[in-house]
Structures are given as structure tokens and as C-alpha cells.
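Take a look at this single chain in C-alpha cells; it is the form predicted on its own.
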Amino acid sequence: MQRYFLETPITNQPGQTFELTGTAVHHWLTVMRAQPGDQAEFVTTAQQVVIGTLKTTTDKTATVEVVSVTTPKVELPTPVIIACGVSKGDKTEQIVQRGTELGAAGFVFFDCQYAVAKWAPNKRDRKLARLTKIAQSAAEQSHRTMIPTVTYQPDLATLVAEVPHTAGVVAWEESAKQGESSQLVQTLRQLPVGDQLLAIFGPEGGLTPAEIDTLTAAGVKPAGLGPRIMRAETAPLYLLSAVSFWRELV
């Protein structure tokens, strides 16, 4: 069944109707060729899932009757913001797509000293819009009840100051090389359920010692993610999987 995120609140009592507009109605009616009587899932701004039946259509709207309303628990109990240095190629898209499927609450991309790629100021809004669209598509596919945010920060100091979080870790290859393996577990053990974790990752070239010093001065803890050194696009997915295991499967 198709799933669409609604941008405005609706009346979600069974038997009542609401008007569907925008890209959702275009996709449902034109791409999926929905006909009266067909059903789809609609995620409300309150993170509820409405199953609705198509009643009538016009060129740009559809009238949908509410059949049922549920509030599924599919989001990570610990919201995780993934912050990554800007990477080359399609790595940022991979991080957003797969990270959304794994439950990330948001993504922040930042510039740093060793970054090979740079986002030109006049192209940032377009890149963020594309990544947001990827996040929405992945959220629909993975049956999330929220779309992760996608933002940009010019540097690490601004990022740590601007992104709300209760605790922060930075994946650092030197910690992994030295055999550090407990900081992530300690952080998750001490972090109350529902409080936000900020997880920071460098680009292909990693982070400089000075950048690590900036983060540790702000209370962010360096953490190894096992004995193997992972690619820039792999490490965030590893961390999200670890959080899911810790909070949802243990």
C-alpha cells in the first residue's frame, strides 16, 4: 500500500473525509493511477497513520475517507542526528537514504579541513532540497512516521552549538586504532530514552586533531566503532544499527 506524508493537519476520525493536494495527489492519481475505492496510508503531522479510501477526484485534489487511525511505534527510542563532513560523489545521498531506513532523526552536513568536496554557496539550497526529497522517499518506503530533517552547518563549532542534543560522540579512527570500544556503549547507557544523540563523522579524509579538540571541548566524546576502519558512508549506518540493537532488540 502506498504511503504519503501530509503537510497539514487533517480530521482523522473514521468516516470523515479530508482533501489531498500537492505532490501526494499527483503521485497517487497520475503515477499510481489510483481509482475511487483504492486505499493508501497517510502519515499525519502528529505521526499517526491513517488508512484512507479514495472517494472523488478533480484535476489537483482528491477526497479521501478515513477508514482507520493507528499510532505505530516505529521510530528509534533514541533520536539520532547524523552529522557528516561533506563527501564526494553520491555518498551524501547514500547516507541520507540508508540512514533514513535505519531510523535517523536528522542529518547535518558540514565543511571541514580534510573534506575533498565542497558545496558552493549558490548550490546548497538545491542540494539540501534533493537530499530532503530522498529522505522523504526513504521514509515512505521504510514506513517511518516522520521525515528526517536535512540541514547544513559551515563548521563543527557552529554545528555543536546549533544542533540540540543531550550527548554527542564523534567517530574517530585513532580511537579505533587504539582499541577504544566502550564509549558508545557508555554514552547510550547514560542517555535517557527520548533524549537526542548527536553522532559526528568526518569525510573521506577524516577529521584533524584540532577539530577533535574543538569537539571534545564542547563535550563530544571520541568513540571507536570496532577494530575496523570504515568508509565515510558506512560508519553512520553502523552507529544507527548499534543504537537500534541497544534500544530495540536487547
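Computed from a predicted structure; not experimentally measured. Start at 1 with the first residue shown and count on from there.
Here the subject shifts to the form predicted in complex with another copy of the chain, a form of this protein not shown in this document.
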Decide whether residue 25 counts as a contact residue for another copy of the chain in the predicted bound form under a heavy atom distance cut-off of 4.5 Å. no
Exercise: residue 206 in contact with another copy of the chain in the predicted bound form, heavy atom 4.5 Å: no
Residue-level question: is residue 141 within 4.5 Å of another copy of the chain in the predicted bound form, judged on heavy atoms? yes
Just to confirm, residue 73 within 4.5 Å of another copy of the chain in the predicted bound form by heavy atoms? yes
Within 4.5 Å, heavy atoms only, one stretch in 162-170, 124-132, 149-157, 91-99 touches another copy of the chain in the predicted bound form. Which? 91-99
Non-hydrogen atom within 4.5 angstroms of another copy of the chain in the predicted bound form for each of 9, 19 and 30: no
Sequence-ordered list of residues in 200-231 near another copy of the chain in the predicted bound form, where near means a heavy atom within 4.5 Å: 224, 225, 226, 227, 228, 229, 230, 231
